[in-house]
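Single chain ahead, by itself, as structure tokens, in the form predicted on its own.
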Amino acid sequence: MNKLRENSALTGWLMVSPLAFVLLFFLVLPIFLIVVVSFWRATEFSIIPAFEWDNYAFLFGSPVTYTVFFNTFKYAFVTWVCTLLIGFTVAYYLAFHIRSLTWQIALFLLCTIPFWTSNIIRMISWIPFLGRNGIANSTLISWGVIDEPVEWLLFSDFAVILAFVHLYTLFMVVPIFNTMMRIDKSLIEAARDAGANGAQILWNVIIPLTKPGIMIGTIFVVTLVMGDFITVRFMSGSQSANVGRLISNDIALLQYPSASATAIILLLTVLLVIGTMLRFVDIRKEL
């Protein structure tokens, strides 16, 4: 009996070892190297392997760091709110108002059509629309809503958040829709028979059962927004920055230790945010 258990345990380790090797080599090892490099010292001409805290001391001692992190959290929070409202509404409509499975699949695939092309193309496509002489301003002027072009439509926080919402809403729609499709419709019928109205059913039945999907979508959106720097660069006209942009600038200047230190702080921040959220919702129900 003991020998059978030993063979079973050995078989389990052999089965999991390829995945463990991949995770160690492509995830743990790179993060470990970034941590090591973050303690090195960089000059204008060379990188010196040495254990020092200068990069972290400079990072936490600079007011720019706090401004950039504030911008990062601002973009992540506003984008999360917008994508949650849009994603929940779309998923709710597909799951509970479209009766035919064929139409559900067709409309869901229709939502994914914009994502068949590059993120860069979809992001840049907003520039001629939001520009001073773009379609939006021209339409508003022709309708008499405004007398002169609105400047804040492009190269502003509004443009950055609009692009983020456009790029990442699908990452909220998919897990919420998947969770809603698993809800037993008899629960909704039971709540309706008990006298609950539509708002009460939504708040007391659907939303609690959809929390795992909302949390998965939140993790996707928050992590993607906090690490994105191309969108901030183009849509803000280089007038604003987030942590990803700060890391990109350090890499362009060959300041790899400084970039590594910023990346480690960003990673710890994202893990802290995700860990805090996971204390309220158990997403293992969806995994």
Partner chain sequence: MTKTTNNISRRGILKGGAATAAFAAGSTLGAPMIWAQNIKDVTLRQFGTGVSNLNDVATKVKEDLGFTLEMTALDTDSVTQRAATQPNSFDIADIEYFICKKVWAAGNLQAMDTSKIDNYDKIAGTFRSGKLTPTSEIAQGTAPHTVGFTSGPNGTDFVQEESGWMTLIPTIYNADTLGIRPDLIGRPINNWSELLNPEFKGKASILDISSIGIMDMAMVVESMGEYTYPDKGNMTKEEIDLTLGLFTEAKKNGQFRAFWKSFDESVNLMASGEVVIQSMWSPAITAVRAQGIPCIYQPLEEGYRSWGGGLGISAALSGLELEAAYEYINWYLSGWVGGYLMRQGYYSAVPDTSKEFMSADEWGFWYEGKAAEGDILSPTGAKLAGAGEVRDGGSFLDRMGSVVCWNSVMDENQYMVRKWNEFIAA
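Numbering follows the first chain given and starts at 1. Just so it is clear, the structure is predicted and the values come from calculations on it, not from any experiment.
What comes next is about the form predicted in complex with its partner chain, which is not displayed.
Taking non-hydrogen atoms only, residue 258 approaches its partner chain to within 4.5 angstroms in the model of the complex.
Residue contact with its partner chain in the model of the complex: residue 249 places a heavy atom within 4.5 Å of it. Under a 4.5 angstroms non-hydrogen atom cutoff, its partner chain in the model of the complex lacks residue 211 among its neighbouring residues. Although the partner is absent from this view, residue 234 contacts its partner chain in the model of the complex, with a non-hydrogen atom inside 4.5 angstroms. No member of the trio 70, 84 and 271 reaches its partner chain in the model of the complex with any non-hydrogen atom inside 4.5 Å.
In terms of contact with its partner chain in the model of the complex, the residue from 58, 32, 66, 26 that brings a heavy atom within 4.5 Å is 58. When its partner chain is considered in the model of the complex, only one residue from 147, 151, 193, 184 comes within 4.5 Å through any heavy atom, namely 151. Of all the residues from 120 to 144, those having a non-hydrogen atom no more than 4.5 Å from its partner chain in the model of the complex are 131, 132, 133.
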